[in-house]
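Single chain ahead, by itself, as structure tokens, in the form predicted alone.
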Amino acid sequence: MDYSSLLFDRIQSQASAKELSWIESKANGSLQSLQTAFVAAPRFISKEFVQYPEPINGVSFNNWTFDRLVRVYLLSKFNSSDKDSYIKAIDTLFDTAENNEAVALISTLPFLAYPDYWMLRATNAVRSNIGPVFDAIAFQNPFPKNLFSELAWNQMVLKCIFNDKPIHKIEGVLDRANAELAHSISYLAHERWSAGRTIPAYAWRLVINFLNEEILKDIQYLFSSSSVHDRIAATLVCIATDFPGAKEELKKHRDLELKAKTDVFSWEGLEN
């Protein structure tokens, strides 16, 4: 699907006359001129936040700067009919990108042709130690949800948990919960507890459908935690799971159960 017209509509609603003139002058150029425009965009486009962040193709533009959106639009205008030239042009931008350019490139992945080809770029972003680059693949980006293997997906989610990042902003985080990830969350929690630390309480939402006797012991530990967030998470897990032992555990904490069932406690309340 050609998303460039949808992106342009979004741009047109915010751009100044001068910005719009520059964008239109570049949008139908050759691959080389589009590459040059991609690099030059911040000199001609404001860094104000995007005013209309409604998603396009599952991509939310919350907290995007306008120059980032324009860069994504310019990339969407690359002619993909010649696969080799198309891939070479974008690969060149990846290979020479500074941080803001890398963020825009990763943000564009859901709009690029030949999505399977960009898998290595996406997984490299997961491994990146540059926060904004990692965030560009992990948050408000449907590419991992749609294309990552279970292993790559779990690595991304666990890195978020390890670094206390907001996993609720990962597209498809609940849909792609899996047993291996649940066990890894348990293992990470044990490491943190041994060091006198915790994991974000929201992470326990991902174990609901994969509870077993071992993970139930973790939930029991959460009930005894000094952190109210841990106790809330334990309660919400026990309410949502079908694992019988969890229902027995919940009976010991009627006060917490009541607050959860009357919406005093919720996963949304744990998101931040």
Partner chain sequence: MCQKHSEISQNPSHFEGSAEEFKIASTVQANYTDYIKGMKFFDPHIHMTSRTTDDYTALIDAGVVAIIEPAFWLGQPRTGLSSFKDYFSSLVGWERFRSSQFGIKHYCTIGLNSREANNEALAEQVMEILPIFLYKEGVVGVGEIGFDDQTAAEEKYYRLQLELAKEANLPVQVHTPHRDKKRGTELSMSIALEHGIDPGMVIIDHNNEETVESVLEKGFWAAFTIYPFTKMGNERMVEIVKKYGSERIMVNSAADWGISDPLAVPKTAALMKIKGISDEDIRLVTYQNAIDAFAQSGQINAIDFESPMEVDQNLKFNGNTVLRGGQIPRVEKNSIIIS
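Residue numbers count along the first chain shown, from 1. Just so we're clear, the structure is a prediction, and the values are computed from it rather than from any experiment.
One more form of this protein exists, namely the form predicted together with its partner chain; it is left out here, but the text below deals with it.
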Practice problem: Just give me the single entry in Asp164, Asp82, Glu191, Glu180 that has a non-hydrogen atom within 4.5 angstroms of its partner chain in the predicted bound form. | Solution: Asp164
Exercise. Tell me, out of Asn100, Ser186, Thr198, Asn124, which residue has a non-hydrogen atom within 4.5 angstroms of its partner chain in the predicted bound form.
Key: Asn100
Exercise. Answer with yes or no whether Lys159 is in contact with its partner chain in the predicted bound form, where contact means some heavy atom within 4.5 Å.
Key: yes
Quiz prompt | Exercise: Lys47 in contact with its partner chain in the predicted bound form, heavy atom 4.5 Å | solution = yes
Quiz item: Using heavy atoms and a 4.5 Å limit, would one call Gly245 a contact residue for its partner chain in the predicted bound form?
Solution: no
Quiz item: Heavy atom to heavy atom, is Asp95 within 4.5 Å of its partner chain in the predicted bound form?
Solution: yes
Quiz item: Does its partner chain come within 4.5 Å of a heavy atom in each of Asn28, Pro110 and Trp118 in the predicted bound form?
Solution: no
Quiz prompt | Which of 36 to 44, 230 to 238, 203 to 211, 217 to 225 lines the interface with its partner chain in the predicted bound form (heavy atom within 4.5 Å) | solution = 36 to 44
Practice problem: Could you list which residues of 118 to 143 come within 4.5 Å of its partner chain in the predicted bound form, counting heavy atoms only? | Solution: Ser128, Asn129, Ile130, Gly131, Pro132, Phe134, Asp135
